[in-house]
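Only one chain comes next, encoded as structure tokens, the form predicted on its own.
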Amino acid sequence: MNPLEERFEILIDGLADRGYGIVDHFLSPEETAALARILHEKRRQGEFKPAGIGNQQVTVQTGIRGDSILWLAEEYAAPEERAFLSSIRHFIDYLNRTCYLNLRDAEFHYAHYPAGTFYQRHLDRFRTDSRRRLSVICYLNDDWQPADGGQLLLYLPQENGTEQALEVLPVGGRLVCFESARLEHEVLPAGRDRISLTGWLRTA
């Protein structure tokens, strides 16, 4: 088993046991920094747009979410972006071989949360579109500390009918994967810019 597949196994074990998986160093520091540079350059060029809500993402409501996004198109991707998307394709193939999830493709965007912005509690799967099976977030932040805030909160259902909130710090190179239709989640306000690659693995 190669190092990438070892990371896949950590994620799969978490998904099977808890509905979510977390693996650190999915991206190396060099890969993380390169993707962060691309993100910031595209922001400087004005390519990011305020994120909306709903499956067409046309309604912008800053009281619900305050990030701006840029969808990642492989045909225009830089080498570092293509390498990331290649790793995701390998993950899809591995999940289909080992877990029989029948995943077809992925969609990803860059996400930038300016200091003080957030995303209220929500589910990633739309009522009118059930293709999103797994949500995937890969953080691109440099030297993120607990005092910086910006945690991802995953709301985990418990057997007694209650729920537990799990805080995930957006550390650079860390990848989080969870069931899109099962786990509600939110992004807490951060004290500085918070960046990631965020996407979904989809069925047909």
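Computed from a predicted model, the values in this text were never measured in an experiment. Residues carry their position along the shown sequence, with the first being 1.
Note that the form predicted in complex with a small molecule isn't included here; everything after this is about it.
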item: Candidate stretches 23-31, 38-46, 132-140, 158-166, one within 4.5 Å of the small molecule in the predicted complex by heavy atom; value: 132-140
item: 4.5 Å heavy atom contact, Leu152 to the small molecule in the predicted complex; value: yes
item: Distance check, Phe84 to the small molecule in the predicted complex, heavy atom within 4.5 Å; value: no
item: Contact flag, Arg174 vs the small molecule in the predicted complex, heavy atom cut 4.5 Å; value: no
item: 4.5 Å heavy atom contact, Tyr113 to the small molecule in the predicted complex; value: yes
item: In the predicted complex, the residue from His122, Arg97, Arg89, Arg104 that sits within 4.5 Å of the small molecule by heavy atoms; value: His122
